[in-house]
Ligand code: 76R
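Shown next as structure tokens: one chain only, the form predicted alone.
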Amino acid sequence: MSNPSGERITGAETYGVPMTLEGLSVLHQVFRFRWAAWRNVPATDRAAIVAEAVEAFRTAEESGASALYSVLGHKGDLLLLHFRDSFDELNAAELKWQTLRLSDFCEMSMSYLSVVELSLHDSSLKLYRGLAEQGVAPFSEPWNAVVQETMERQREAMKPRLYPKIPENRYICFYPMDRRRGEDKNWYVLPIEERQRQMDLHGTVGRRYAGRVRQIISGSVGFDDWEWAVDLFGEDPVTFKKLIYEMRFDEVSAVYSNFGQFFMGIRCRLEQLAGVLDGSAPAR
């Protein structure tokens, strides 16, 4: 019996690929704003351009499907975040933005595509062990049936986490990351038991920040340049620093994790957009 990668699986081994559940499609868009060109636009025209953008995305903001943030630092000026049911709907939101006159003043500095993901390391290990003890071969018809039933049950139980609204918090911290696959350290060749142990310890740190930080993980393997996107939402940005710093000391982060650029943003309600583009920080 072989798994999809071609690796031979014997009855004494535990299948090593954890189940994952996928939910909403996610698109991050970071823009640099052409301030000089904007200043040359008459005030009445600027007001009309902003009003058009507000009207275009008002429903999406009210439903928690889109949110705008003022980005701190040199990496961009505006972050537009979209949660949708499919890539097709993300593409529609992207194209809708391009039709707006405001987009003429926005230059894309980065984008990131992913899907909300829950990795079931613990459930997978228990399930695979139980099937192995019963002598059920991986990828056999009985094995596939049990895995499918388990995933359907988990998907229903996890629906609120798979299909969230964008949190209302004032601050966002967004960054992409992946697991090392080098010659010396390779996360993907560790036994599933060891990966589950490390992820359990990793999750223990995050759970200590429950109520202060809302975390949404989305998977991007095959979709973008990294393997996951992490969005942290909260009312105190220093809490992001403390959480990420503490996680640096657990094994999975210290040994097996790589991180991309970090983006910090302040929530900008659409009714605040005109003020932000006039140079005022978003009010609380």
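Predicted model only: the values in this text are computed from it and were never measured. One-based numbering along the sequence shown.
One more form of this protein should be noted, the form predicted in complex with the named molecule, which is absent from this view; the next part is about it.
A heavy atom within 4.5 Å of the named molecule in the model of the complex is found for one listed residue only; from Val41, Ala60, Val255, Met247, this is Met247. None of His74, Arg153, Lys165, Arg207 but one reaches within 4.5 angstroms of the named molecule in the model of the complex through a heavy atom, and that residue is Arg207. Heavy atoms of no residue among Ser66, Leu80 and Lys96 are located within 4.5 Å of the named molecule in the model of the complex. The shortest heavy atom separation between Phe259 and the named molecule in the model of the complex is within 4.5 Å. Interface membership of Trp226, defined by any non-hydrogen atom within 4.5 Å of the named molecule in the model of the complex, is ruled out. In the model of the complex, the named molecule lies farther than 4.5 Å from every heavy atom of Ile192. Taking the partner from the other structure, the named molecule in the model of the complex has no heavy atom within 4.5 Å of any heavy atom of Arg84.
Remark: of stretches 66 to 74, 48 to 56, 230 to 238, 25 to 33, the one touching the named molecule in the model of the complex is 230 to 238 (heavy atom within 4.5 Å). Residues of 158 to 182 lying near the named molecule in the model of the complex, listed in sequence order, are Arg161, Tyr175, Met177, Arg179, the criterion being any heavy atom within 4.5 Å.
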